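One chain comes next, on its own, written out as structure tokens in the form predicted alone.
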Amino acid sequence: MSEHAKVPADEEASEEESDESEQAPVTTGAQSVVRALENAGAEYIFGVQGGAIMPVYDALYDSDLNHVTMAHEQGASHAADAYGIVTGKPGVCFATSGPGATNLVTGIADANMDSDPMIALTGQVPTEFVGNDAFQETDTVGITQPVTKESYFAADSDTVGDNVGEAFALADAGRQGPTLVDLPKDITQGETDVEPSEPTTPDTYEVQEEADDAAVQEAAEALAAADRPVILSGGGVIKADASSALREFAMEYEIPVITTMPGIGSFPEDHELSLEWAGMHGTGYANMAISNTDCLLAIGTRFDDRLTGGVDSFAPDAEVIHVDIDPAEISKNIYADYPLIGDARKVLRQLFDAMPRVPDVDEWREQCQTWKDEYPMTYDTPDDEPLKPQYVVEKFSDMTPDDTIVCTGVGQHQMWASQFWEYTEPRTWVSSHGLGTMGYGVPAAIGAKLAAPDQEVVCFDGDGSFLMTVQGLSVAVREQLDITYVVLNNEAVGMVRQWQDGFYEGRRMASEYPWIPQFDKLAEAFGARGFRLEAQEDVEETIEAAREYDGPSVIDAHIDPGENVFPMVPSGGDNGRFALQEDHLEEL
């Protein structure tokens, strides 16, 4: 039953009876669309109603699918994206034609960059008007083809359900990602009695699940012979549900583990083998290990520039074993000496069985520990200085369960949330990586909470990022979602300001936001609970009060406006040469 369907009290019994009976036959294209989603196992739809998509919404009225009306289409796409991250199954979003569809594009592009499973269904003007610049017409397929695995234009009421089923299956298959089906209104209104087939990928779509055995054996021999091996666990490990296999492999062969930022949670950060995450703002010890390894086992990572810095200086002495399900990623950015194409979980099992011995790396593990001691993740908390954002994140981490889901927007707050929270479980870190979408956090937290209602959800956001999608609070209030939003408020787009101070002689053009509203008061206006936090001694009490509130709450945490994110590797720099404070940047 969709959120707007009303059931009279005297019909409750008949509704229960109908739930147990066979589904009513399909009579329209719109009903076929909904039936295809039901067949695919969809549970939630995040969307915004409109003229061209209205027939599909009408078909939803009689469906058991749960529809969540969002306050903006971008929010619908981010909520669906986060739902897909947490569940591992494609999230679903709806929008109408024209501006509705174009408002989804940022979220679709975000999902594409991060390989998140999602399907977008967009209304379109009737087929006879396509190409005539009709009211609310855009070339949705043309716009989205570059940022989807596939974009479909539905051309027949008899086959539209199959289009949707195929798009759903494709979003989930192989390297996950977004798909889109554009639905002309005449197609969804058109009559049909054709039931959609079970969701299947196109006949031409093939995925290699296991790597070549000979290549696996060669890679295993190289890894076992290494003196300074490191495992680099990317987001693909989590997508493939390979975290358990990774942990078993690393612990059996006693090899230090680094994650990428999308790979956070794939390996427990409280384990002695963990070096946490590497890259521009990764730990000093992770970056030192990558810079000095002689054998890098990289799993499910695309080696993006925020991880590698300069490719010529990345892991310069290492033989690289690259495991990835997408052949296009092999040697795209970093040359792979041992390419292993296949599903991360299955290839890890192959490697586990192929390893001839445990590498002799006691000295290497001691060196990694030395780097941990030399470059700890610390910060100063003088009594006479403003509230430190790192302290807020650490206290939240200490006071919440291990399976708490952390969502973020994009900016300095995102880095602090990833650096100072201790992650031990997969699918508990939900953020925008490749596209770096400010405004991601508020709607993503909604999708994450609906995906995992029994887990706590905390969303760290910055004042600039929070302001971009703050209207999503109205949805969290309406749905009575128990989410804690924490705005690390420095009255600036802080990462831009940090770069201006470090690389543009402090010329702060359009980066300071002294005009922003009081977010605790704004939260109350939406019907949420608002808290204002300014002093370190009030942190624990405020966290406790926000967590105890049964519903969405917003903590407006006024942090030190001069606090910056370190360590930092300048863009394109050498990961082994990182700044621990601002004056170090001049030396790099």
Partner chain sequence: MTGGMPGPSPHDRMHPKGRRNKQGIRIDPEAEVTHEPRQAVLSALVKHKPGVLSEVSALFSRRQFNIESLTVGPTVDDDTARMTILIEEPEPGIDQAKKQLRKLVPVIEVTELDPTAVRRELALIKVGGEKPDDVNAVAEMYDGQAVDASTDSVTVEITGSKQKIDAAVEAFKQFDVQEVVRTGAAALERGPKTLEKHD
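Predicted model, so just to flag it, every value in this text is computed and none were measured. Residue numbers count along the first chain shown, from 1.
As for the form predicted together with the partner chain, it is not shown, yet the points below apply to it.
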key: is_contact(Y253, the partner chain) in the model of the complex, heavy atom dist at most 4.5 Å   = no
ask   = Does R427 make contact with the partner chain in the model of the complex, using a 4.5 Å heavy atom cut-off?
value = no
inquiry  = Within 4.5 Å, heavy atoms only: does V393 come near the partner chain in the model of the complex?
reply    = no
request  = Report yes if any heavy atom of D353 sits within 4.5 Å of a heavy atom of the partner chain in the model of the complex; otherwise report no.
outcome  = no
ask   = Tell me, which of P376, P517, G131, G506 has a heavy atom within 4.5 angstroms of the partner chain in the model of the complex?
value = P376
note = Only hit among K149, H433, R345, K185 for heavy atom within 4.5 Å of the partner chain in the model of the complex is K149
request  = Run the contact test on P202, P316 and Q581 with a 4.5 Å heavy atom cut-off to the partner chain in the model of the complex and return yes or no.
outcome  = yes
request  = Please name which of the stretches 263 to 271, 231 to 239, 394 to 402, 330 to 338 has residues with heavy atoms lying within 4.5 Å of the partner chain in the model of the complex.
outcome  = 330 to 338
key: Contacts with the partner chain in the model of the complex - residues in 561 to 576 whose heavy atoms fall within 4.5 Å   = G562, E563, N564, F566, P567, D574, G576
